[in-house]
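First, one chain by itself in structure tokens, the form predicted on its own.
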């Protein structure tokens, strides 16, 4: 593909930003990619592995002359970061983000952007439990969805250009409004993460009684909860505080379903349990058919040894 942006600035250099850099370089989508991270240690690691063409020591310096600025920081600090870079933004530039909450991010970021700068929020629905500049890889977005969330009055050319970038990095793109995005993500991502954290917390309490058994026998399903619960704690704290209403709504529905299953188990209602598990298994089949996961045994994990 041809260059879409002459200069891209990535603010924050974790899993998503580092994967964006490698994906852009793989496809030749950006003439130059500039990076910045708050931590001097992270900046040093990025320079060591040649993550970004240049790594700056301030966010304002990193965004100078950039055609696209992508905020890859926790949602709780996006407003503060935007204030920091606002006066250095190039007229006509596009500012985007990769946060998994949109309503709160739009409220935090949009008021600080100068006139003539386009804001196009986005959310790549891809990730791993790993974080940091060394965790990224070019294939992270291949075949996954990136949700584009234009705000009222968004410049259509800026939206289309950003969509072409994500498609060039291997992603499929869909557009939706912020409220719908936050509800969808509460179902597909936020509530499942909270449930995983809770299950691992329960097991941690049990481990005090059962010693190492929880760890030794974790292959029986618990292991996959721990993978989800290993995600970055700062990011997920901010997600839940920023998407409070939608997450609480879904958790309320979850609690109702859980009570219904408890009642079925208590009363021996095998027919209800069988029908429920059959219906939920169909969801898994739909995910496979949409190519958002593999049907390989053990989730396609590579066997070693």
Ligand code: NAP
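If you're wondering where the values come from, they're calculated on a predicted model, not measured in any experiment. Numbering follows the first chain given and starts at 1.
The next section is about a form of this same protein that is not shown, the form predicted in complex with the ligand.
Relative to the ligand in the model of the complex, residues 33, 82 and 90 are all farther than 4.5 Å at every heavy atom. Annotated contact segment (heavy atom within 4.5 Å of the ligand in the model of the complex): 94 to 102, selected among 167 to 175, 108 to 116, 196 to 204, 94 to 102. Taking the partner from elsewhere, residue 232 is found to have a heavy atom lying within 4.5 Å of the ligand in the model of the complex.
Not displayed here, the ligand is approached by residue 131 to within 4.5 Å at the level of heavy atoms in the model of the complex. Proximity of residue 127 to the ligand in the model of the complex falls within the 4.5 Å heavy atom cutoff.
By the criterion of a heavy atom within 4.5 Å, residue 39 is counted among the residues contacting the ligand in the model of the complex.
Exactly one listed residue, out of 77, 86, 138, 187, brings a non-hydrogen atom to within 4.5 Å of the ligand in the model of the complex: 77.
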